[in-house]
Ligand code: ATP
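One chain comes next, on its own, written as structure tokens: the form predicted alone.
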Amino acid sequence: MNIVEFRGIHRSMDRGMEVLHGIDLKVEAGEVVALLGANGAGKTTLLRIAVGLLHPHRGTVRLFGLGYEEGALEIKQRLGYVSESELLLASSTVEGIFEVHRALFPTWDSSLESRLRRRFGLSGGRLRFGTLSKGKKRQVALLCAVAHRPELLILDEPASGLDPAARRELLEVAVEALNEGSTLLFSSHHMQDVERLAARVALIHDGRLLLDRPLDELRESFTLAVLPTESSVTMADLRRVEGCLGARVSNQTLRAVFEGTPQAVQADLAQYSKFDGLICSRPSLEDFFVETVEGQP
């Protein structure tokens, strides 16, 4: 069953500028999918559409087989959401926030709430949310997102701006939610977090879905080719080669990402005598992301 299904999603923002250009993406039950993309690529817009905070101008989004027109309440009771931006009222107390969420979610687990409150040190329930540190605010938001044991957890850069210890703890709670059978769709700029959590990566660039592959396939089936700029090769030459995802100039080298193993890519490029000084290797996930995104025309 598809827990999340985007079909032909278009969304424009200020002055008619289109942010999303026909996104098609499905997430099945139990999957862990990471959205990657540079700032402004459209990740947050897509996730806000998923949770009903924005509506597509064209296309449809369905969660649990339901559209927001007929099933908004059921959808929102079955998902949890944490974003980089604060959506909870600064003037509310921590206890007041939890009281509201207990009333909203029939599946709220009080024992899980108590356990997470002890873990996060959130015993001071009369504190105003707006007075909390960024880390504590994110802990409150995460507790609200997982204490009703959602079938779908959506995280939009949840660890952005947190120190390493707070980031690790937040991710550990997300992992525990996965162990309870939740489906996870998340965005992150931390490649270590993506490698730790995700089984599949969807790469968005300029509002378009550039790539959607299992993480293991990204590790095994792509190659970074590097050669000196003083060779007779141009970026145009590299981009014309079959299987090239992107090419750019950086630090006096030409760098390009190709689909295929290093051995296969080396053999393919060896057909061109002008590819002198060529080195092919498997890229790290971070190198794959940077070289593919920065290497777009």
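If you're wondering where the values come from, they're calculated on a predicted model, not measured in any experiment. Start at 1 with the first residue shown and count on from there.
Although it is not shown, the form predicted in complex with ligand ATP is what the next lines describe.
Contact check for residue 39: a non-hydrogen atom falls within 4.5 Å of ligand ATP in the predicted bound form.
The closest non-hydrogen atom of residue 169 lies beyond 4.5 Å of ligand ATP in the predicted bound form. At a distance threshold of 4.5 angstroms between non-hydrogen atoms, residue 176 is out of contact with ligand ATP in the predicted bound form.
For residue 84, a non-hydrogen atom is located within 4.5 Å of ligand ATP in the predicted bound form, even though that partner is not displayed. Of the candidates 19, 285, 25, 278, 19 is the one whose heavy atoms come within 4.5 Å of ligand ATP in the predicted bound form; the others do not. Figure note: of the listed segments 56-64, 26-34, 40-48, 244-252, the one touching ligand ATP in the predicted bound form, with heavy atoms no more than 4.5 Å away, is 40-48. Counting a residue when any of its non-hydrogen atoms is within 4.5 Å of ligand ATP in the predicted bound form, there are no hits in 59-78.
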